[in-house]
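In the form predicted on its own, a lone chain appears below as structure tokens.
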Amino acid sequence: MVGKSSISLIPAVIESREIVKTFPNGREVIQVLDGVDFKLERGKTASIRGESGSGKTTFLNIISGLEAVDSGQLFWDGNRVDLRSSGELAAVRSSQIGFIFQAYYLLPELNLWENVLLAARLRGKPEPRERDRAEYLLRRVGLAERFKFSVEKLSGGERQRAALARALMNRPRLILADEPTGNLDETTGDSMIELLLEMVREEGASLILVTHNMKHAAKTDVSYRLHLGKLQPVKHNG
């Protein structure tokens, strides 16, 4: 009984309440998010699907604190953050949230190891244990022989695996993956999603995966569809 009560008191890693977001379009105002409620428990994975322009990336930007809400509330680990300054959010975000993008965003002037270590470097001078972690993560994603390679010498799949390693570098509680297989062929994309889910679970992190791929979406613990500003739960088949 005590165990069940303790678990229920653990705050969600991310929670939004009645999030509203609009954008001006000439004389009109487009409502992208219309009172979105969302909660993700620690260690759980969720996918979000929706048509292009439905607001999926906007929602990720809002829950990561990169965009402000028009109204509503946002919580990280039970702490309200939508009223904090951008500087305060940036400091917390660098340690709590990791990002993976469709376009990789690896720096061509840095080698692979330096790209992964950059996540720690942005928080200050990396310590030896952080350098070791960057090496471990590259080995874990299958890039042991590519440490000193230029990003430009890597395939799309290798770049995305490096991006996964970078996202996990600071041991974040939450990974936000925005169409991470969008630039990959089907086979490479499938293996990337398997690796992403496997490593997120190994690290004890939570994941929000934005994807157009129904097969990939069905692999997460819960699935949603963003349509007309509303986030709707979707049942997995089978």
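The first residue of the sequence shown is number 1, and the count goes up from there. Predicted model only: the values in this text are computed from it and were never measured.
Another form exists, predicted together with a small molecule; not displayed. Remarks below refer to it.
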| Partner proximity in the predicted bound form: residue 51 to the small molecule, non-hydrogen atom cutoff 4.5 Å | yes
| Partner contact for residue 32 in the predicted bound form: the small molecule, 4.5 angstroms, heavy atom | yes
| Interface membership of residue 179, the small molecule in the predicted bound form, 4.5 Å heavy atom rule | yes
| message | My question is simply whether residue 172 lines the interface with the small molecule in the predicted bound form - judged by any non-hydrogen atom within 4.5 Å. | response | no
| message | Given a 4.5 Å cut-off on heavy atoms, tell me which of 22-30, 39-47, 180-188, 199-207 is the interface stretch with the small molecule in the predicted bound form. | response | 22-30
